[in-house]
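As structure tokens, one chain now follows by itself in the form predicted on its own.
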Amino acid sequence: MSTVELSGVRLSYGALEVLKGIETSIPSGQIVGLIGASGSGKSTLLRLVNGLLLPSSGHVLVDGELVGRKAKNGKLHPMTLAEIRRQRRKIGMVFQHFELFPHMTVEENLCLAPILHKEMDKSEARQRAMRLLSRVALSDKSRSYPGQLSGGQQQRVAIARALMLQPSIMLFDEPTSALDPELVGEVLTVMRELANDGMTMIVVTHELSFVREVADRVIFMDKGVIAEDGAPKDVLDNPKTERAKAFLARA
């Protein structure tokens, strides 16, 4: 069974059609690099997988379950907030901007959601938070506040936070684009380690060297459609469409 499946997915804002009939499936353990120019629909696709957006038509499934909606009496209805929270346990997401609470310590940022939603008690949440901070080489920063950390450290905290509920898939939306160049490497190192552990990952990024090294597959999006889809060496080194050739020449 595919971990992620998009079938006939369209998304429109009024007359503007952002996604135009996306068809793709991503099996468990696969690492997909999602590339393309700004406005091509990459981040929108991630938000559909996470349930932050619902498609105008078509279906998004994670582990065989509709995302954000449920079938009842032959019709689709939005999930309740509790159902959405349960579903999002399996989907971790890391944003371009770190989205950390500035008035909370690093440890508190990691523990907030699991405790608030009664997924873990305080002791269990703190133990897991410290294990994950160790994994991202930030054990010594648990009592620091986000403003006391570098951008790279803040993004590593955000990755640790996304891992707190042991998701089966991780979504990364331009995780290094807000960082100074010298800080990019430390975030990519953590992502490489997740890839080596077999985590299913969809990564929107302009770091083509990372995609070439880590991804099993590259999807190139253009104007709301999947224009190319294949192994990194095929898409990056031998693109078939003129749009992909032009994008990669600039990149």
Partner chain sequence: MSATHIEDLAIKPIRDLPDEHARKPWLGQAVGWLALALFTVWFLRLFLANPKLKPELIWKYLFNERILEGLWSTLLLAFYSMIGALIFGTVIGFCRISANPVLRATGWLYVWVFRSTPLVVQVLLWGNLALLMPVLGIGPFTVKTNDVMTPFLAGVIALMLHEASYVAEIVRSGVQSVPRPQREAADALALSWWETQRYIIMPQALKVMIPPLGGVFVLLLKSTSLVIVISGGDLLTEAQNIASLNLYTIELLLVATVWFLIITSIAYAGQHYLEWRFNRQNHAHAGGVNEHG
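These figures come from a predicted structure and were not determined experimentally. Residue numbers count along the first chain shown, from 1.
There is also a form predicted together with the partner chain; it is not shown, and the following applies to it.
> Mind checking whether each of V190, L208 and K233 has a heavy atom within 4.5 Å of the partner chain in the model of the complex?
None of them does, since no heavy atom lies within 4.5 Å of the partner.
> Exactly one residue in M79, A137, M104, L76 has a non-hydrogen atom within 4.5 Å of the partner chain in the model of the complex; which is it?
Contact with the partner chain in the model of the complex is made by M104 alone.
> Closest heavy atom of N50 to the partner chain in the model of the complex, within 4.5 Å or not?
Result yes; N50 sits at the interface with the partner chain in the model of the complex.
> With the partner left out here, check for me: in the model of the complex, does some heavy atom of R85 sit within 4.5 Å of the partner chain?
Yes, R85 is a contact residue.
> Is the gap between R161 and the partner chain in the model of the complex 4.5 Å or less for some heavy atom pair?
R161: yes, in contact with the partner chain in the model of the complex.
> Is there a non-hydrogen atom of E99 within 4.5 angstroms of a non-hydrogen atom of the partner chain in the model of the complex?
Yes.
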